[in-house]
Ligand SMILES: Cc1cc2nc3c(=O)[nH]c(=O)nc-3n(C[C@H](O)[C@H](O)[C@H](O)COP(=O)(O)OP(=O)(O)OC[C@H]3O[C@@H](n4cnc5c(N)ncnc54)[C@H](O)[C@@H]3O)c2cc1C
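Consider the single chain below, provided in structure tokens and representing the form predicted on its own.
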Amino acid sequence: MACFQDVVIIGSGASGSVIADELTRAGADCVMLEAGQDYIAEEYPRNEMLANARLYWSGGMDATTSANLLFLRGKVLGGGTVVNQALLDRFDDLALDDWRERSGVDFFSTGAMARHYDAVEQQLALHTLGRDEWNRNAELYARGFEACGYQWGSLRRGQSNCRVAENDCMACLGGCRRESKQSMPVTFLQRARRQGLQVETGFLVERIRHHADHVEVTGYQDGEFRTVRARRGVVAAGALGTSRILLNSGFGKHLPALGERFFSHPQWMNLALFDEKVDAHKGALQAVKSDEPDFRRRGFKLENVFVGPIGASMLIPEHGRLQQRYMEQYRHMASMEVCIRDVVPGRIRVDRKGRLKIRKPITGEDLRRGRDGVSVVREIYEALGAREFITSNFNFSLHQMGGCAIGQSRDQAVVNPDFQVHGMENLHIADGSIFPSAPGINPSLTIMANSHHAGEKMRALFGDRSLEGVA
């Protein structure tokens, strides 16, 4: 009979890598399965088109069944941490109190979570951007907030020696070639590999079978059918990936909440044209944030971001010569994004071929929140004297959450307070799929904190037993 690993981890992002680090430090024999490829820093693509094609699922074009929302999610060793902006904020009382009420899980509080936040942050280089690192887009953002009486704050990123003055920080959306951004390949995953983690890339997991003493993971690696067996399994493939694998495994028959309560922080991109050059594509892509309590109560935040020329051309709701006229003014564009804390849940399903079918309406309260945010952006740009204002006619999401919510009861949740799938004690989940609701705050740091907590619990389950494989 084949030897078992101690733990098989599916996914290499903010959850899988933190758990791998925790378990390999304890001596566990772990294997990590990642659908994407492993790149060294110098190999990350140098333009938007190649970055989308090589580093994102479906080329960055995952969509709902009605095509009303596009999802961007990383398909690369390191997951979303390779292609995100590494904005690392702790959740506030509003988010965690809501989670505790919905889930019945007591450790969702700022006090109880602090230890896990601390543990994760001690392993990361954190940097709060100063005014000397702003570009013109950030300057307009702050000046517009102040003109309208709104509060703003400085962003904290996971980065070291970013050298933003070299004017190419936007490139990190396609992977950081300086290894400055605190993505998993230069932090937790790097340490886990030094501690003995085995990594298998190009491995697309299809199904999991749960047994009394082990789990069995099947899928395809570079076109070849593979099976991996381990005493315990961790599914850390993100909200969409984790839900897809569990649904394809037939677990929905026993877990009615599987695939339900999917959230995504839908976003509206807004552009403004100014007479003077803005050059928002140079310098720090994001440097400041909205810190307005009224916005938080109203369910939206405004982000100081920009996009490359390919992205801008997709966002402009025009075609032909009119679109060309706008793109000729690319250096005169400022940008501000509305990101909502959505409350209208979506649903994740799979078709007969096991492919994702995602329904995520943007209606009712969510639509109102988005429109409120766009109105504030327009107000700010009008106060700054912008000569034209453009709102994109489609929505997108970088934060997929839910589908495998944590909670006390299997009737209402997929994962129990010990981060085990209800009724399957050998299967663990701590990624963004366990979120009971949308927090309205970038989720990466809290995914890491939850995964640190889950890793501790898994180590406790091993107890004093040998971590040698089971024959």
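Model, not experiment: these values are computed from the prediction. Note that residue numbering begins at 1 and tracks the sequence as displayed.
One more form of this protein, predicted in complex with this ligand, exists but is not displayed; see below.
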query: Sole residue of R369, K360, H399, R232 within 4.5 Å of this ligand in the predicted complex, by heavy atom; finding: H399
query: Proximity to this ligand in the predicted complex, single hit among L87, A112, V343, L384 (heavy atom within 4.5 Å); finding: L87
query: Heavy atom of F203 within 4.5 Å of this ligand in the predicted complex; finding: yes
query: In the predicted complex, V76 touching this ligand (heavy atom, 4.5 Å); finding: yes
query: V186: touches this ligand in the predicted complex, heavy atom cutoff 4.5 angstroms; finding: no
query: Close approach of Y44 to this ligand in the predicted complex, 4.5 Å, heavy atom; finding: no
query: Residue stretch of 62 to 70, 402 to 410, 417 to 425, 28 to 36 approaching this ligand in the predicted complex, non-hydrogen atom distance within 4.5 Å; finding: 28 to 36
query: Partner contacts for 415 to 435, taking this ligand in the predicted complex and a 4.5 Å heavy atom cut-off; finding: D431, G432
